[in-house]
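Look below for two forms of one protein chain, each set out as structure tokens: first structure 1, then structure 2.
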Structure 1
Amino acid sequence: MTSYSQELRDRGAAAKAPARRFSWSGLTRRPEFGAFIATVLVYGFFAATAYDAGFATFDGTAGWMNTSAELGIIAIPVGLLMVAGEFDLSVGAVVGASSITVAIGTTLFGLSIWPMIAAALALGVAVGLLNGFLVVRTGLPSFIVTLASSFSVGGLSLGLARVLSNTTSVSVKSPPLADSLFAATWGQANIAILWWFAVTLLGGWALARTPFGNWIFATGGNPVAARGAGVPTGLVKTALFVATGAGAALVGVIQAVEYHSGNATAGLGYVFQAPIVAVIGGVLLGGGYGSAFGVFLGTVIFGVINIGIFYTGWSTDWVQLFLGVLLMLAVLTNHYFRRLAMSSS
């Protein structure tokens, strides 16, 4: 047991080593290196093609960053969870549920927004706890468990919203302090971008610099060995499910305050976008490998492609084809550098 946790510590130290001393092979071996190359290529492509439309200006940058930010707040914890070997498909439903919670509480019941924000975040945490509990206790794949909780949470918020307000979308009134926390803007850049940076730094620090981070890698890499070595894999997974629920609820709150409207069905797109950007960012679908900064780059790539295409002025009928090809290229770049890293080690 001691030898394995020693090994884990060594692994952690080894992972940190290249950062201190520059080495080319150390750099290419990092999980986010491929994503970094892809980011530069994709950004360069759109900066050049849509330059005249102002894609590279401050406002143009704010455009894709606002989109990437909200996706990133969800995708960073989802990425960490995937490193630990689990999925969370319930994030989309949590976004809608938390935004409609804020809306119904403030507008229909006239409550102050603060307890409603607390309730929305608590809802995200509760869904996370439930997911974690079910996955750890039953041993069922998280794919199934979170799919079920996604249906349940989505259906419950839709049903309750309809019973209470006759509609799935309710307006939100927010005081200035809430506005400045969740919806402040600099020019056209939203404060969500700062939340995105904060979540990335927190996720990156937790994964790379703490024992908990080692536990995450161990849980995703070889759960049986990890458990044998005394890693509380159940706790690790549950904590990460709570993190994804909280991240999704935060995005629900941000959108509710930002657009003065809660929608029980918002957030559909995040269900697949979050794992997609994690994979683009170098996270292995099987778990055990990945980095928070890689997921961050994945969200950048996704935002740049998705919003950039509208700046090009091309027919948007081709958006999906274009997205598919570019995503494939991004993942292939990733894959190539990962293989290169493995062979040179």
Structure 2
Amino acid sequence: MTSYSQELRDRGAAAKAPARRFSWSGLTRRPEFGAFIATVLVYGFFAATAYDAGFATFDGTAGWMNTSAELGIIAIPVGLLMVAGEFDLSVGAVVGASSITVAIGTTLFGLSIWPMIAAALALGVAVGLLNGFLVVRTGLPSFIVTLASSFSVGGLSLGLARVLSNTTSVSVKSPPLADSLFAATWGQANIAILWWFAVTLLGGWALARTPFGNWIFATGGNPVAARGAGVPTGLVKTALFVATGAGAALVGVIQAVEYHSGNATAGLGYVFQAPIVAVIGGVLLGGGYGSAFGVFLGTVIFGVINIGIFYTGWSTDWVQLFLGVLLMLAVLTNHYFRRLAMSSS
């Protein structure tokens, strides 16, 4: 196990280190290599089959990028958390809770949208802090802790929405500046795409260019050895839980302003979509290996499949088949690299 973890850290360090010269073997061992090949194949498939329907046009491209963007804002921090060896299943509930927080504050209580946006983001941060505290202090699996917080946050937001408004969906009044920041459009392209790019760049920089990124790989690769080397693994995990909560809250704010409505049940689909695209993007389920760019490509694949099938005119039921096959291929690829690492150690 120790040799495998050492190998993973070596592979992670190799992925982060700037390439001194081109190497095919080095390229194929990068976390995002499989996702890049899958992205090219999936996009090429739908570009060919749905070309006449306009899939490759600006509007078609904007369509799949819109779908990828909001998922990507959540999936990037979730992927980094998985590299550190933990899961967060509460992101879906945080999206709905932050969305309905903005709606209730602005519409039912007549408050300005800015303090309500701050409150929604603070809610996400608070949920992340609670998850991190419970996981680090109790040693319980993050799967159980965040599943419990998902039910708690989701149930609380649903209950309060019912009590205060007698419905789970409340309209949102937003000023022009808030619309410009969270709901601006260029043709069919939403400003959420820019938020997605910003979160990807931030996550990629933190993971590949900072000491904190080294701590993330060490925490996920071998937490015992990492603690022995002085890495504050508890702080790393808590900070990443805060990042996942903040990312989910940001998506809740974007949806509330974009749709002029807050919904306590919004975001439930992200619970499994975020870790799925992270795995498709090359993040190892056992932790210690992955990249932000790989997760970015995983969200691209998700968006291309969803919108590509719509352009082909096929039933959207096929989306699940495509994602299932890609997920299985990604897991098999990860398993192959795990065996390769262990056999070469």
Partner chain sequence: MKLLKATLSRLGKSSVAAVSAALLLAGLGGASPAAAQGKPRIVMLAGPQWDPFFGAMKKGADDAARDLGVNYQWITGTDPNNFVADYAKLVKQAATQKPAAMVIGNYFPDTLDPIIKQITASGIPVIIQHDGGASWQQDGAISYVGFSARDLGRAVGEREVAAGAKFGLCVDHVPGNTTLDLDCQGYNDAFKAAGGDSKVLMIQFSDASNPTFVVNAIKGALQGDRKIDAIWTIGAVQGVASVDAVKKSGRKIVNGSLGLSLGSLEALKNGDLLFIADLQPYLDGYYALLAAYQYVQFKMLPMGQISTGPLMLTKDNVDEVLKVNQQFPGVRGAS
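What you are looking at is a predicted structure, and each value in this text was computed from that prediction instead of being measured. Definition used throughout: the rigid core is the maximal C-alpha set that superposes within 1.5 Å between two forms. Counting starts at 1 and follows the sequence of structure 1.
Undergrad: Of structures 1 and 2, select the one representing the form predicted alone.
TA: Structure 2, which is the form predicted alone, differs in this respect from structure 1.
Undergrad: Could you tell me how many Å the Cα atom of M328 shifts between structures 1 and 2 when the rigid core is held superposed?
TA: In the core superposition between structures 1 and 2, the C-alpha of M328 moves 3.6 Å.
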